[in-house]
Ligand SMILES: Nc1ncnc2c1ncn2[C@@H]1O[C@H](COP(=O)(O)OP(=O)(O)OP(=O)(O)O)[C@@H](O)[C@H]1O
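Take a look at this one chain, the form predicted alone, written out in structure tokens.
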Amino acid sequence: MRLDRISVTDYRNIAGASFAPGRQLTVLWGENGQGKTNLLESIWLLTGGKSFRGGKDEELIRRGAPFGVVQAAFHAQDRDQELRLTIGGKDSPRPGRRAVLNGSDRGRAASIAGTFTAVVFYPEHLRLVKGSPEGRRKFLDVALCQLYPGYLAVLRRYTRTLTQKNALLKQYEKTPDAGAMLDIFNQGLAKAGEELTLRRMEYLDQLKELAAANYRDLSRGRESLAMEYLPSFRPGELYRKLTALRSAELGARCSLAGPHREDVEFLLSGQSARTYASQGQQRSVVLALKLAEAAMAAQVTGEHPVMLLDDVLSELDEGRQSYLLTRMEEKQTFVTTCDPSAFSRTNGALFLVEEGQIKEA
């Protein structure tokens, strides 16, 4: 997987920027608030139109512009390809996020998930360790959606059915035939939920070995990382559990079992990372995960994904910085930083980002 050129127009604070990145390391440097992360985010958009920072369509479009555009030329699946993404505001003739791939209109940008693959590290991802279970579930789901396009369809079906079920539970006494409807929703949740949880567990079983090796190297053998998926039901028994929980769910007015109630536990040398991990250890855990995620993608697709690393070297000692810089070699990687001096020992291409403009340094 290789990004050869990208052009960004009217995206966040970027009126217009275009550049050809290096085949390996590309460093985007400049002061805070100049647009470095916005450029990194525009590359991530190529994976399916989602922002790793969130935000409504109007928030992604430069103020005063009717729509934003991201155009890219990239090499994937043994051929050169072109992708054009547009983000239209609600008053635009084509609102929402839409994609044209190799000249063919693909409609919603989510339809091209898996075409261009990337792995992103963003400082907010530190919440993976000490934040809510929702963030850890999202981490797994985002990775799986890129690797297995069918996973996204199952996830959407599950989410839609869950929303309908929760709405029913809130209006249960006022809804005719509510019991029969609840049973239908539980059947749908069980079918999709079993598939989602199985995929997550299979993925994590492979990911945790790679992540443990990465963390061992990052910590120079002083600490160990272990991961465990915490399911809310036994395999093949989700429907039975939902049936048994009916009275409790009617009292809680929400569904109490399924993939949306599950979590991942991180252990550092046998202790809960959520409770005991320092800021530097949290960053190392997430970096170990992200490197493992990239390796897993390479195993499944046969192509190493593009790495997107935002402010990645902060709070890492010199040894961990050196290890990470070594891992960037021979893989296309984009890094943002305020101080490019740490990358002087690399052969990376340096680009200065200033007021939404980019130029080779």
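The first residue of the sequence shown is number 1, and the count goes up from there. Given the structure is predicted, the values throughout are model-derived calculations rather than measurements.
There is another form of the same protein, the form predicted together with this ligand; it is not shown, and what comes next is about it.
Although the partner is absent from this view, residue 307 stays clear of this ligand in the predicted complex, with no non-hydrogen atom inside 4.5 angstroms. At the 4.5 Å threshold, heavy atoms of residue 20 stay clear of this ligand in the predicted complex, well away from it. Among residues of the shown chain, residue 46 is not one whose heavy atoms approach this ligand to within 4.5 Å in the predicted complex. With a 4.5 Å cutoff on heavy atoms, residue 347 does not count as touching this ligand in the predicted complex; it lies far away. Considering this ligand in the predicted complex, the lone stretch of 66-74, 37-45, 291-299, 316-324 in range is 37-45 [heavy atom distance within 4.5 Å].
For the three marked residues, 232, 237 and 265, no heavy atom of any sits within 4.5 Å of this ligand in the predicted complex. Using a 4.5 Å cut-off on any heavy atom, the one residue of 324-356 that reaches this ligand in the predicted complex is 338.
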